[in-house]
Every structure is written in structure tokens, then in C-alpha cells.
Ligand SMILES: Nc1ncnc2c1ncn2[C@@H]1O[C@H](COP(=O)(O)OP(=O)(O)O)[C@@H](O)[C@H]1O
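Presented below, as C-alpha cells, is a lone chain in the form predicted alone.
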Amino acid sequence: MRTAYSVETVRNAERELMARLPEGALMQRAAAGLAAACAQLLGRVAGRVYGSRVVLLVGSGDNGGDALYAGARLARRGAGVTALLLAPERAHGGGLAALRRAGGRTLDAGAAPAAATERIARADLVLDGIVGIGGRGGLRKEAVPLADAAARSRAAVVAVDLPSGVDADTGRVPGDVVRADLTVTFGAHKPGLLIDPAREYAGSVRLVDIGLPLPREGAELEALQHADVARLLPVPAAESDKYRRGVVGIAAGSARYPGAAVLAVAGALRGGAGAVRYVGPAGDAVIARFPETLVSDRGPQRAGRVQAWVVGPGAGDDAATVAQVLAAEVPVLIDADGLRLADADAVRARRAPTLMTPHAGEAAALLGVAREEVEGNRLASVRELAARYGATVLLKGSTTLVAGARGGPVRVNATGTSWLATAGSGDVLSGLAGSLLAAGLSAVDAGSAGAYLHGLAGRFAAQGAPAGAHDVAEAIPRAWRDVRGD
């Protein structure tokens, strides 16, 4: 499992470790890992380190020091290294001395802006050490031309710890930022490296272990990997039958949107439960596509035994069905129209687990804010929704987040593709995650594993080309086998 820690937690761990190490040792560890990553990248973009052109964008403080020490290591291997200093009087003294001893050069970027941008234009690699993890509010005015020049150049851009200008704790991008091809981060991932919109600017992320004593229970984010998801997926035992495996109820669809019911059932049938019951006006469409579905026209309360419900996809204005499902004493997943129709007090009063699965627009409506506010601050938004409704919330989007009803680390999904932005894809996810709920997973685990499989299925279905929601549903078994290594 990949974890991310807040700036405060990382800083505390750094102070604890530095108290036990010789002065400067921790920075040398970081610089060594950074230089190794840069050398590897130079081997790909320039053929070798010797003779390559490297430009350091150096701000004040330790982030700039990391860049300077790494630059010194590259200079000793024969690279031509120039440090562009944004604040020469406040640049890291030890790093500057090391770079100059190794044959590197320095240039006051403010005093010679044309020369600075020319150096960037000719570089093979640009190392962004402008602002560290404590930075707030985007790049300062004097740094923007350098970031723009790096973006226009053909150089590979490497960020030190995280791209300058992004918010390390939240993933917000409040102003101008550096766009990196590779981010080399030290000790621990930071939330901004895993959450959009900041994640988009990080490129590939490489973690360098510098020995930080991080608390086991102190992570802000968790990102499940294949092995983690494999441990969660239900596998029937020899004595299992369809009821022991769990039955999921799907209350979805309407005369206007029968396809939502079909797609939710498609996801549910591939989610590990033993049977799927369907309740709603799209029974004929569902049974025609999936004859194994147990279809009922008697309403949720009289449909028969289920271990979890999914309600809302394509439901239109059927508030009565949503209310009946919320009254059930089993886990419930609420999606799409169900989010709009669900009574907030009824959701908060539920004793059984509740999983809400909004996209950014639906989350914004529930929070009473603009969609852009949710998209720009996804971590705070998913936490606020979970706290406000007393429910687990899966916030869909370019980085899907899952926040538990009782707090704790937020899960961030590591799979997915932009091709999943297609009509009906969310309906498939609802059925899939609801089926995992019925199979006995907790709301957080069902949401996390469902999003992981759904994203992986999206990759398999698309493979670089457009894919429909039904293609995603049909690719879920392949994703399941891939995760389990079957």
C-alpha cells in the first residue's frame, strides 16, 4: 500500500531523524537519491550524463539546497551544470559551495533574465528546486518566467520533492506552477502528488527512502495496490451458495433511463455477490440482457432478502423508492439521482453502512458550492461530505477518493483512465461496489476495491481508444483476474 503524509508529519519526522544524524547527513541522502534519478533520466534523454546540460532552478531554503547538492554530484560526473539563483543572498551556502567545487556555475536569474531563459532553452534537464513542501499560493512573480521557459523547452523537467507552486497537503493548484516530467520525493509521498489537480503536474513520481521515522497510523492518504485489493476480493469457499456469497439489490432505472438499470446490474453481476435482485420499471430491459437477474415489481421492501442495496442510477424522481431503501437495515450505496432524492437526516440516522458515490457536480450540489471548488480541492470536499452525512463517500473523478464515515486516511485510487469519462460508467461502478458490499466488504473497502477494479477495467476496455460503459463492465472479470494473478 502506498501512503502519503502531511507536511507537518514529514517535518516532525525529519527533525527527529536529524537529531540522531551528523549535520547535513539527511540532505546528502536526499541529494544522492535525486542525483541518481536525474542521471538515469539523462541516460534516456541525452544518452549519458557526461557532456549533458543541466540547469538548476534554485530558490531559498532546503529545497534549493537539495538541488544544489544533486547538481554537484552530476557535475562531478561530467555534466555541465548551471544554477539559476532566484534569491542569491538566501541560497543554501553549503550547496552553493559544493556545486562550485565540482565545477558548476551560478547565475543570478533576476539580474540576467534573458541569459537564464537561454540556458533553460539549451538544457537537457531542468531541476526544479524553487519551492519546497512548505510553499503556499503558487509561484512568485519572479519564478514564473523560469517555469514558462522550462515548459517551452525540450528539456526533461525534474521536481525536487514536489512541483513548485502546488499545495503539498491538499493537491490544490492556486496559481502558476512548474510542470514536471518526474518528481523525486523524499521520505514519503505527499498528498498533492496523488490528488488532482496537483498530480497532473507531478509527472511520474519516484520515492527516495531517507529513513524517516513515520508513524504507522499517521497517514493522510492510502493508495491500494494489486496485492491489497487481491486480499479484499471475495472468493467463494467450497460450501458457498448464492445466498452465502451475498445478494445485492439494485433499485435503479426509469422509463426515461432504462439503460442505467442494465449497466448497474452489469457491474453488480461481476462484483462477487452470489445473486442480483432488480427492482424498478426497467425489468424487461434487465431480464432481456441478463436473464440470471432476479427481477421483482413489488418494491424494495418486498423484493426478498438482500445483503446490500444500490439505489439511484437513472431513478429520475422516484423519491419513494430511495426512502424505502434508506430504511433498510443493510448497507446501502447511493448514486446519481439517489443523491439528490435522499433525505440528509435519513442518511445520517442510518445504523448500517452507507456509501455515497457522487461526481464533482453532485458533490458540489450536496455541499452547496460551485463545482470548481470541489474539483480544485477534492480532498477537503470528500472529507466534508463524509462528516456532514455520517457516511462513507466515494468522490468520482480524475483521482477518485474514498473517505470513511469516521475519518481516518482517505483512500485514493491508483487506476483509471480518462476514457472512463463516458455515459453509464458510473452506473457500472455503483453495481460493482454494491456487489462487494453485499459480499461482506466494509463501505471503505467496497468503494476502494470497486474503484480500483473499475479503473483497471476501463484501461483494459479502452486500450487507447474510446470505450462504452458496457465495454467497461465486460472487462471487469479480466481486471479481477489481473489483480489476483490468475
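So that there is no doubt, residue numbering starts at 1 and follows the sequence shown. Only a predicted model underlies this, so the values are computations on that prediction, with no experimental measurement involved.
This next part talks about the form predicted in complex with this ligand, which is not shown.
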Margin query: Quick check: superpose the C-alphas round the site, drop in this ligand from its position in the model of the complex, and tell me whether this chain leaves it open or blocked (blocked if 3+ atoms sit within 2.4 Å of backbone or C-beta).
Written below: open
Check: Pick from 423 to 431, 35 to 43, 48 to 56, 438 to 446: which stretch has non-hydrogen atoms within 4.5 Å of this ligand in the model of the complex?
Finding: 423 to 431
Note to self: I'd like to know if residue 183 sits close to this ligand in the model of the complex, meaning any non-hydrogen atom pair within 4.5 angstroms.
What the structure shows: no
Notebook entry, point to check: Is the gap between residue 416 and this ligand in the model of the complex 4.5 Å or less for some heavy atom pair?
Noted result: yes
Checklist line | residue 398 within 4.5 Å of this ligand in the model of the complex, heavy atoms | finding: yes
Notebook entry, point to check: residue 359 near this ligand in the model of the complex, any heavy atom under 4.5 Å?
Noted result: yes
Item checked: Neighbours of this ligand in the model of the complex among 451 to 475 [non-hydrogen atom within 4.5 angstroms] -> 454
